[in-house]
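Here's a solo chain for you in structure tokens, the form predicted alone.
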């Protein structure tokens, strides 16, 4: 049995069918990138898995337990948005420590774990700062630290780097890949950016009009004309060719 197993999930709002016959399996310590245009149902799917929206039908199993009817607070799933949603009145240290305090960890455990996480996040020297004193990338790092330190069974990421500039986004992508390996993270990574989807996922899926198609091999995803990937690759290859020709002619 897969670590995450989703079968026949459907969700409609009124007459609008948003998620249709969702089928998904994911092994432990793997990241599945989910690519799709705005409005295709990606966020609704994540909220169903997180327990924030109740599906109309279907089953969700996580680590061999059926969680379809469980409230969000008991699923041990963390859902990260594009916004960092840090507590503005807490320091970096206290934001990251928040979940451990809820779990009633000892003072020494909290101190050791948070210090270690701050080092992993490359935020040494910032632990006493308030969120408003940090850059966007630094705040997102704190958000990741707060999520990961509680050791969730599953991490759901809803375009987490969408609001960051290009360079900061690249740095955060590299950091997440490192953290995923270090902390054995199992995650769904939603994005509308092709390059990011290919980079972040061990596997890749494409969502269109509520239907999710999972590709075990990225090469199969690249070859599927229905995803529009080939057209995008050809477009950028054309741009590169034009730039190269202009450079040579000049």
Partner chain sequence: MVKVKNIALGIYIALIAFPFIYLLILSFSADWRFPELWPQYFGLRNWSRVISGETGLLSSFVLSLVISLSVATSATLTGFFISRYVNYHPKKRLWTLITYFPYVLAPVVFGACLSFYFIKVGLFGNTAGVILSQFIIAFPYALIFFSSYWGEQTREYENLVATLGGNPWTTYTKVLIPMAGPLMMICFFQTFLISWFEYGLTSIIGVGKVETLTIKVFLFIKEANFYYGAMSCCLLILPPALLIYFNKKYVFNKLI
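Residue numbers count along the first chain shown, from 1. Just so it is clear, the model here is predicted, and its values are computed rather than measured.
The form predicted in complex with the partner chain exists for this protein as well; it is not shown, and the discussion that follows is about that form.
S.K.: Go through 80, 172, 110, 123 and name the one with a heavy atom inside 4.5 Å of the partner chain in the model of the complex.
M.R.: Spelling it out, the residue with a heavy atom inside the cut-off is 80.
S.K.: Counting any non-hydrogen atom inside 4.5 Å, which residue from 179, 134, 118, 86 sits next to the partner chain in the model of the complex?
M.R.: It is 86 that has a heavy atom within 4.5 Å of the partner.
S.K.: In the model of the complex, is there a heavy atom of the partner chain that lies within 4.5 Å of any heavy atom of residue 141, even though the partner is absent here?
M.R.: Residue 141 lies outside the contact set for the partner chain.
S.K.: So in the model of the complex, does residue 164 come within 4.5 Å of the partner chain, heavy atom to heavy atom?
M.R.: Judged by the heavy-atom cut-off of 4.5 Å, residue 164 is well away from the partner chain in the model of the complex.
S.K.: Heavy atoms within 4.5 Å of the partner chain in the model of the complex: does residue 222 have any?
M.R.: Contact with the partner chain, no.
S.K.: Taking 4.5 angstroms as the cut-off for heavy atoms, does residue 114 touch the partner chain in the model of the complex?
M.R.: Residue-level check for residue 114: no, no contact with the partner chain.
S.K.: For the three residues 5, 67 and 211, verify that every one has a non-hydrogen atom within 4.5 Å of the partner chain in the model of the complex; reply yes or no.
M.R.: The answer is no; none of 5, 67 and 211 reaches the partner chain.
S.K.: If contact means a heavy atom within 4.5 Å, which one of 22 to 30, 181 to 189, 212 to 220, 44 to 52 is the stretch that engages the partner chain in the model of the complex?
M.R.: Among the listed stretches, the partner-contacting one is 44 to 52.
S.K.: Within 4.5 Å of the partner chain in the model of the complex, counting any non-hydrogen atom, which residues from 136 to 174 show up?
M.R.: Residues within 4.5 Å: 146, 147, 150.
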